[in-house]
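Just the one chain here, the form predicted alone, laid out as structure tokens.
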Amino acid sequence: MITCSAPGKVYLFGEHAVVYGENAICCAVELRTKVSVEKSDEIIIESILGRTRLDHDTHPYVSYVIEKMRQFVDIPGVRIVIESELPVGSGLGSSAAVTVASIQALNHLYECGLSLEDIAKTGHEIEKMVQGNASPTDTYVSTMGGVVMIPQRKKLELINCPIVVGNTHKFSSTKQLVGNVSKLRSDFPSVVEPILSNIGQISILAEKLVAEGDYETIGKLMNINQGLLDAIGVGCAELSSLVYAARDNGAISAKITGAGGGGCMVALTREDNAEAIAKAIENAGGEAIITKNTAEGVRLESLHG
């Protein structure tokens, strides 16, 4: 049996603006999805969603991975077991992580010789098959790890302070939120285009600050980015409540990560107050996860047998 894992991600800057070609900065976090694979007589996929065969409703990403990998190698039967620390549908890149970890595990099991670039590209193709349209960002960051400037795919210095994620557990549709922003942009181009451009400018300013490890100034820019996301209508009361709980209790910064409208927010904290900020987020009705940036993308965890 072979086990591989791949990390989730948060956006430090630039979600929504990145759809219009602006810059964004994404950061892989040490919350992982593990996928274990072994050869079998039939195809079996197991996760908290249940035990299925090839099933594009219950396990769409892994089912498409198997079909896609069959282009490289004969896969008569395989058992795939998924375990994840990433909440599903919360903007932390859970679908990218399960896709990337599954590709790499099968890549090792069948010795396909796929490179990391191949894995990121194949992962993006699978996300597009399931979602209709998908950014290559999530699969790229999950494959490569670290901190990445989009769209250049430039690796930046690691973020060396605790990251606290707050989950509202409120469902939101990325497709709908992206559509809402698009409509606002076409209704009020002279107002909304500069906002999206300013979000992109923040990422450009932040690149140098990430290299310098100037988290206080990064934090100020993240907070401005949050205000601009609110301005384009992707906030919600639950997210605002968690954002202000974190800030009021001493977070360096707090903002939405991902599409907004629900899902998660992210806070940067100091070493000595991550626990206090996590508690404040829980007290405000969210689920808090203390994590950190990881340099490692997809990796081999273990080989048995």
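Residue indices: 1-based, along the sequence shown. The shown structure was predicted, so the numbers you read here are calculated from the model rather than taken from an experiment.
What comes next is about the form predicted together with another copy of the chain, which is not displayed.
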Q | 4.5 Å heavy atom contact, Q226 to another copy of the chain in the model of the complex | A | yes
Q) Is I44 a contact residue for another copy of the chain in the model of the complex, using a 4.5 Å heavy atom cut-off? A) no
Q) Do L221 and another copy of the chain come within 4.5 Å of each other in the model of the complex, heavy atoms counted? A) yes
**Q.** Exercise: S190 in contact with another copy of the chain in the model of the complex, heavy atom 4.5 Å
**A.** yes
Q: Would you confirm whether the three residues P194, N198 and T217 all fall within 4.5 Å of another copy of the chain in the model of the complex, going by non-hydrogen atoms?
A: yes
Q) Using a 4.5 Å cut on heavy atoms, which of L158, L184, V178, V81 is close to another copy of the chain in the model of the complex? A) L184
Q. Between the options V130, V88, L205, A211, which residue brings a heavy atom to within 4.5 Å of another copy of the chain in the model of the complex?
A. L205
Q) Which among 29 to 37, 235 to 243, 272 to 280, 49 to 57 is in contact with another copy of the chain in the model of the complex, heavy atoms within 4.5 angstroms? A) 235 to 243
